[in-house]
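This document opens with one chain alone, in C-alpha cells, the form predicted alone.
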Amino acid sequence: MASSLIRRQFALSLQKNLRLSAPGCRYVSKAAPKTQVEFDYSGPSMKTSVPGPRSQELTKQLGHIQNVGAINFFCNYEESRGNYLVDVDGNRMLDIYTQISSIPIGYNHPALLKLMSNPHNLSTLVNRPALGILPPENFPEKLTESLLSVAPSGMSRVQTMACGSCSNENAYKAMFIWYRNKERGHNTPSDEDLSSCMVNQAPGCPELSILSFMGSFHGRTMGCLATTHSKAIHKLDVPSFDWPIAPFPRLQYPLDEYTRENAQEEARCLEEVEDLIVKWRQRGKPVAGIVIEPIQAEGGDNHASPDFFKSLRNIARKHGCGFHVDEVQTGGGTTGKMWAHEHWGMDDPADIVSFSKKLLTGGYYHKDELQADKPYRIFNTWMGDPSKNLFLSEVLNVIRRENLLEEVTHSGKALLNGLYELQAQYPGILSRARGQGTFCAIDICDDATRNRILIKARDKGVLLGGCGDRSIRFRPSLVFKEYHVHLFLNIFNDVLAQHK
C-alpha cells in the first residue's frame, strides 16, 4: 500500500516537473542557444512585489512564534523547478543564490524524486539512527559510493556530521586531540589531565588555539565563532576564545595589472601568519591548527593565489600545526572542480577538509593521524543522516552523467565575461568582478546601492545574495547553463540601466 501511494505521488510530481511554462519572457538572451534543463521553466514570471501578500501574512504568523528578521519570503517548493524558485504568491524567480549555495542540481530534480519513489529506500528515509552507536548495515557501502568517491587527495577517512558549523567544530576538536597526543608522545592522559578538564582547567583543558583570518566565516557555534570574522552581528555579545587572527590578502583587480602588488600583499600576510604562530607559542597558547577557506565567501568573496595557499600549507608543516581547509561553501563542484583546493595543484593539500551545503550532509575528511583515538571523543546523537548519503550518491551520478563540472566551467566563463562587460559599461557602479567556475562576485559602489540592486533584481525575477561590505555573490546550482547566464545578464543590465 505504501509503495503504491509513493509511486502515484511520484508520477504526479514528475508530471509537474516536466511541465514547462509558456514561452515569452522578454529577457530571453539571443546571445546563447536556448538549451533547456529538462525540468526547468523557460524564464522568470512575476505576479506581485516580493514579499507578496501571502508571504507577508505568513511572516506575521511566524513572527508570533520566532524571530523573522532574516526572512525574505515564503516559498512553494513543490512548484519550484531546476534553476527557478517559486514563492507562495506565485512569483517565479531565477535563483542564483540557491539557499546560500546549498542546492547542487536544482529544485525537484527528477533523479532525486525517482529515488524517493523506490520502496527499498523507505527505511532509510523514515528511520534516523544514532550513527555513532547503531549504524545501518549498508552504511559503509553508502559512504564509499558517496562521500569517499569524491574524497580529497590523500584522504581515505571521513566523519559525517549534520551541518557546516558542527563539522568545523568537531574538526577543531580533532586537531586539538591530535596536537595534545603529539605533545605527550602517546594518547594516554594523566590523572591530572582527567581531573583538571572536569573543572575547565589546564592541563586537561589546554591553552591551545586555532589561527584564522580576517573576513573568514566558519560557523556560529562557540569554537567556530572564535574563528569567524566576517560580520559583527554574528559575534556580538557572545564570549569568545583569545585566538590569533591573521590578515587575508586583499588583491587588486584586474589581477594581471597588479601582479607585483598582489604578490607583495600575499607575502605580507604570510609573514604575519608566521609571526602570530611564534607570538602565540610564546604566550603559552600554541597554534594547534590553521583554518582557511579557499575563497572567503560570507566575508566578501576574497580570493588568493595557489602560491599563497601552498606557502601557507608549508608554514603549517614547519610549525607542526594542523591545516584545515573549510570547503563548506566552495565544495561540491561550484568552482568547476569538486573541491576548490584542487585549483592549487597540490598532492597533499590539507590535513582536514570540511564540507556541507552542496554535499547535502556535513562532515570532514581527514588524514589517518587525525582519527579520534577513543570512542565518544568525536560524537553526537545523529552524526549525520544516512538519507543524505543516499541523495548524495544520486547527485554525484547526475554530475558525472551530465558532465556538470564541465558545464560549470563553461557557464562560469560566460558569467565572468558578462560581468567584465557590465563592469566596463557601468564603471561608476561595478568593480572587481572575480570568480572561479560559477562561484563569482562583483563589487557595488556602496552598501546602500548594493541592497537596492538586490531588491530591484528580485522584483524582476532574479535572486542574488550579498556578501562582505558591498559585494554581490553568485551561487547558482550546477545545472545553471550558458542560456541562464545570458538570461540573467540581460535582466541585470536592465536593473543597472534603471539605476544609472
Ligand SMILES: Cc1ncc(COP(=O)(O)O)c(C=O)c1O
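The structure presented is a predicted model; accordingly, all values stated were derived computationally and were not measured. All residue numbers refer to positions in the sequence shown, first residue = 1.
Although not depicted, the form predicted in complex with the ligand is the subject of the following passage.
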| field | Shown form pocket vs the ligand in the model of the complex, superposition, backbone/C-beta distance 2.4 Å | value | open
| field | One stretch from 162 to 170, 333 to 341, 247 to 255, 117 to 125 that, in the model of the complex, holds residues within 4.5 Å of the ligand by heavy atom | value | 162 to 170
| If you check in the model of the complex, is Q329 within 4.5 Å of the ligand, heavy atoms only? | yes
| query | Might F73 be said to contact the ligand in the model of the complex, defining contact as any heavy atom within 4.5 Å? | reply | no
| message | Taking the ligand as it sits in the model of the complex, is E293 near enough to touch it, meaning that at least one heavy atom pair lies within 4.5 angstroms? | response | yes
| said: Within 4.5 Å, heavy atoms only: does G219 come near the ligand in the model of the complex? | reply: yes
| field | Contacting member of R92, K388, H303, K357, with respect to the ligand in the model of the complex [4.5 Å, heavy atom] | value | K357
